[in-house]
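The form predicted alone is given below as one chain in structure tokens.
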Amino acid sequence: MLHGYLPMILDGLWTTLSVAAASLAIASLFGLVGAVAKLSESRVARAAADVYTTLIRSLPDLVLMLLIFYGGQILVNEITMAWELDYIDINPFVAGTATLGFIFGAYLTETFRGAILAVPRGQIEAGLAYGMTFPKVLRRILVPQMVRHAIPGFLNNWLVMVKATALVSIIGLDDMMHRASLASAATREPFTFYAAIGAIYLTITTVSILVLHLVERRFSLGVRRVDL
């Protein structure tokens, strides 16, 4: 099947999934920090978060990938030269995951901010008035409801991020897309290999949708849906 290149492509699939998972963790961290900053009473924090989300969402992912990878490489080595240190070659996996995490952190910032605002403030105040500590209010009241409201936007961002992992092949990472490109060049059958890659991405996104729908149902226990 696929002229014997299938094992090589499936091996690249693990790299693709690793990039997606690591990028999601970084993006979630940026998203939570950004959401807290946007809801902060500090004007500086709100302004910084607004600049971050506006700038990142205004530029193409490919442009940001190239800017951060090559610009970061230049910046790091200018610093090492100033300190008379050895040349540092940035790992494509680190650069790719950091870039995707930084990009999608801007989108998750808005997702988490909206989810936090969707939780009635009166419930948080009631928990504090009842004598609960703030960490307990977060754990028992805010976070469970926030997760339920955030799942739809979180799912959309995850699906887009999975597809965006194909961009890391342009910075030299040996992922599934890069291996399919090599195989198509060797066999001169690009349609066959790119169609196979498309089917694999479709499988990943379909499984992701099913899993996150189960998670949404778990966090929606006891919630009645009203059809308008």
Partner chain sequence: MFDWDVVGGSLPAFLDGIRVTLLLLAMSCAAGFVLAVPLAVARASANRWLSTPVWLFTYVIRGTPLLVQLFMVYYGLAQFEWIRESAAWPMLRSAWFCAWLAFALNTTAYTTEIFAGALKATPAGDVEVARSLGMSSVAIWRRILLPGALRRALPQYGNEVVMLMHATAIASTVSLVEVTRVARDVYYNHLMPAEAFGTAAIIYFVLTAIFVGGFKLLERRYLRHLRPMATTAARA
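Quick caveat, the model's predicted, so the values are computed rather than measured. Positions refer to the first chain, counted from 1.
Omitted from view is the form predicted in complex with its partner chain, to which the following refers.
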inquiry  = With the distance limit set at 4.5 angstroms and only heavy atoms considered, check whether 71, 197 and 202 all reach its partner chain in the predicted complex.
reply    = yes
Heavy atom within 4.5 Å of its partner chain in the predicted complex - the one residue of 182, 62, 47, 33 that qualifies = 62
message = Looking at 167, 173, 26, 37 here, can you tell me which has any non-hydrogen atom within 4.5 angstroms of its partner chain in the predicted complex?
response = 167
request  = Using a 4.5 Å heavy atom cut-off, state whether residue 43 contacts its partner chain in the predicted complex.
outcome  = no
query = So, in the predicted complex, is residue 211 in contact with its partner chain at a 4.5 angstroms heavy atom limit?
reply = no
inquiry  = in the predicted complex, does residue 220 come within 4.5 Å of its partner chain, counting heavy atoms only?
reply    = no
task = Would you please decide whether residue 186 lies within 4.5 angstroms of its partner chain in the predicted complex, comparing each non-hydrogen atom pair?
result = no
